[in-house]
Each structure stands twice: as C-alpha cells, then as structure tokens.
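Only one chain is given next, in structure tokens, and it is the form predicted on its own.
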Amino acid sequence: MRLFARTMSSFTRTVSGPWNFVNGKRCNPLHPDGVMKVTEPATGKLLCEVPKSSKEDVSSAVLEAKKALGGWSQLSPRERGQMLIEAGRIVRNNVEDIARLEVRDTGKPIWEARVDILSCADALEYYGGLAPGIVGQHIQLGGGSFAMVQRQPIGVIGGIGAWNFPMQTCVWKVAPALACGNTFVYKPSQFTPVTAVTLAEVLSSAGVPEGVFNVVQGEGEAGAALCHEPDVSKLSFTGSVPTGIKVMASGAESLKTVTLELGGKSPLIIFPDADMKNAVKAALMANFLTQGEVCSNGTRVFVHKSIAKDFIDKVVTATKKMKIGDPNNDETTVGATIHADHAQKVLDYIKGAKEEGAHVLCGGERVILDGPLADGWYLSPAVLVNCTDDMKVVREEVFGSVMSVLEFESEEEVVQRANNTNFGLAGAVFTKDIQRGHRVANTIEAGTVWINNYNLYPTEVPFGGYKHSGIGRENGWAAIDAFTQTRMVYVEMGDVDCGPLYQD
C-alpha cells in the first residue's frame, strides 16, 4: 500500500460528473432515484444535473466503507496522518481552483471562498499532525497488575453537510474521523454537490485507500437512508434544527452516537468603552459574511444606549459601502444568496419586521445585476433598528444579511436578554475592561464566545453549541473524543481473588 502521493494526480477542476465517489473512484448511482437540478447562485441558471442516490446506492457505499475499515484502522496513526498532511498540501497548492468551484456552488465572494478552502488545508494538516498523538493510557494497579485504556475508532461514520460552507463542513468531520481510523460516507447538501467529490479526489491523490472516504449525492431521502443504515456507527450532521431532530431520532433507533451542529441566534454585546471601529468591523463579520448564511452569526447586536447613535451611524455607513456584484471578482463583498426560495424567505423576514415596527436604515432589497448575473438573487445587506426582543426577526434564525440592533442600559439586563433564546451557538462581548469581558463571556450561554472579535474558527479549538444549537463539538481535541471510543484491557499479574466463592 502506498502511503501518500508525492505529486498531485488530476482532479476535476470543472463542474461535471460523475457525482458520487465510491470505492476510490467517481461514479454515478447504479439505481438513481431521479435527478437534482442544481442552480448556480450567481447566475440563477442551471449549474448541473446530479443523479440522486437511492437507498441501494447508499447501502453500497456503506458496504465499501465497512470493507475498508479493517485495513485503514490497522494502519499506524502516523501513516494515516501522513496522508492527511499530504491532502492538506494538495488543497493548499490548488486553493484557487477549488475556491472557484466553491464560488460556483455557493455564490459567496471569491476572497471568502479562498479563506474557507485554506481552512480545509489547515484542518487536514492539523489532524494529520495530531494523529500520532492519539494514544491511550497505561494505569498501574496493585500487585503489579495494570490496565490499558485504548482509543479505538468507532467504525463507519455517516456525515451530512450544509450548503453554506460545503467543503469546510465536510473536512471538519472527515479529517478527525479518518485520523482516528474510521471510514466515512458523506452526503453533501443537495444545493452544493461539487466540492465534496473534489475532496474525495484529493484524499485519493494523497494515498487514502479505496473505500475509506465515499460520497453519495441526494436529497432528504438519501440522508435518511444513510441515517438508518445498520452498519453506520455514528452520525455527524450540520444543518437546521428540524432536520437535526430527525437525524437524532434516526440514530436513536439503533443507538448510534450523534454529533449535531445546528442553528443560532447569537448575541453581539457592545459596551460603551468598546473600540468603536473594531466593533463595527465585527458587526459586519457577524452578520454579512456569506450573505449572512452563517449559523454562528451575531444577528442580535446589543449596543449600549449611550453609544447607540454613533455605532448605528458608522455601521450603516460601512454597510452601504459594501460592493454587491459578481462573486468571482476580488472587489465584491456581497455575493449571491443560495437560491430564490431562500432569498424570498429572507425578504419575508424583513417585511415582517417592518410590520412589527422595526425601521430599515439600509438594504433589505433585491438588487438586479446586469448581463449573465441578472437572474441571480442578490440582496442588499440590511440594518434594522427600533427592534424589540419579541419580534420574529429577533427571535428566529433568518440566515440572511439582516442585522437587528437593540439597545441596552446595564450589564445585568443585557446578559439576561442575550440568554433569552433557545439557541446557544455563539456570542461576543466588546469592551476594553478585561474583567467585564471575562465576566460577561462566562455568563453567555453559548459554546463559543469571542471577546473583541467575531466569527473566527481556528482548527485547534472546539466549535459547537448549547441548547438547540447542537450536541457535541467539532475541531480541536474534542473532535478526537467524538470519533473514538475507549476500551479498557485489564492485565492480572497475580492469582484471581474471588473471596469465599472458591474453596481449595
């Protein structure tokens, strides 16, 4: 078995099939269950037609992953790590080509796509380097006896990804899972089928054996089939709360372990002593990256009453300067919403907010671009004021470029309001007072809290939510815990002591 490829073999740099990847090669379903017509967000035109995998096709991919499990798990962690590091190198050396594919898939600006793809290289290299350190424990016991606590792979992992960060959400699952010796079957979102197959080609080029990582395309039926597969031992899902509940229920039927990364309605709290320029920049990052289609976005911006006018003036000025346009242009800062139905949902939230009394200071409208982009759904980023905590736009996840600004007067008040939500994915506090920064951060009920920044996700640290925002963590060492199970082996160095049960 070759450990890794020294040179990059070809991978698909255009949007084309076959669309599944099973047992080391691209292929189409043997028993297709219809065809998905995938729209290119930037143009609103047909991007590709992708055959949907049937239950039989999903089972076939799981079978190949099960066959590959023995050989892959028996490699040394260092051998597995070398392949992941090589895969990271391949991604890093081909970042522009892969980022362009990601733009066609998602509609996000090219500069954002480059950041996303480089983060994939980071994750592959991080877990490749971490792999040799995935070790157990030796515990010395009385009489010379001892125990070994071993970290073992869980088995075949079933992953289902999101459309806002198609390759990143895939890599965050696959890199640690493979480092731990598991094999994988992954179903991308039906809206973004392109780059998960590209990742499969990259891993194959890096020497990962056939069957270790497989991709099946499809809609909800294919995802449900993967969740119900008896040979899948763990499910890892990124997406909406309603679908996450279905995934968890499916896993419970056969006691599969489940990791869920779901939605959010995160608070961004700005105190009077905050650095105003940084607070404005963070508010833009917390609301308008990827057209607002980010689960951790800080869409409830709580600003102290004493600085609210200054902050609102500056954030509106900055928002109006954002450039809406072709996502393939480097100067574009606002790309295309994923598809028409989602764009209309975002517009409906803005309409409802106005009906409830919110004021739209800028944005919140469809922008029609010229030429081939005319049919794309481009929405101008919106800043809402006069918002109250009970408004629908403030309570529910919009998943679009809509910032709701709310004023507060005291620390105690804003913490209570920030935590008054079923979500708990992220949050942030802006202040120059280090004591207040730590104090407030420690009271926010969320899995990730930033002090004086927003929407940063280093691979080295865990990411995940409280409450309805999810179960489990991705990234950091926490992902190693998520993709391993422990086994204890007790070694007796003396005689069995069974008390009075045995009479000699």
Ligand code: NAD
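Just so it is clear, the structure is predicted and the values come from calculations on it, not from any experiment. Note that residue numbering begins at 1 and tracks the sequence as displayed.
Another form, the form predicted in complex with the named molecule, is not on view; read the next lines as being about it.
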* Among 369-377, 183-191, 323-331, 72-80, mark the stretch whose residues have heavy atoms within 4.5 Å of the named molecule in the predicted complex. => 183-191
* Within 4.5 Å of the named molecule in the predicted complex, heavy atoms considered, which of Glu261, Glu102, Glu229, Glu86? -> Glu261
* To do: Just give me the single entry in Gly128, Gly400, Gly298, Gly161 that has a non-hydrogen atom within 4.5 angstroms of the named molecule in the predicted complex.
  => Gly161
* Within 4.5 Å of the named molecule in the predicted complex: all of Phe237, Val247 and Leu425, by heavy atom? -> yes
* To do: Indicate whether the named molecule has at least one heavy atom within 4.5 Å of a heavy atom of Gly136 in the predicted complex.
  => no
* Asked: Even though the named molecule is not shown here, does Ala224 get within 4.5 Å of it in the predicted complex, heavy atoms only?
  -> yes
* Is there a heavy atom of Glu219 lying 4.5 Å or less from a heavy atom of the named molecule in the predicted complex? -> yes
* Determine whether any heavy atom of Thr243 comes within 4.5 Å of a heavy atom of the named molecule in the predicted complex, and answer yes or no. => yes
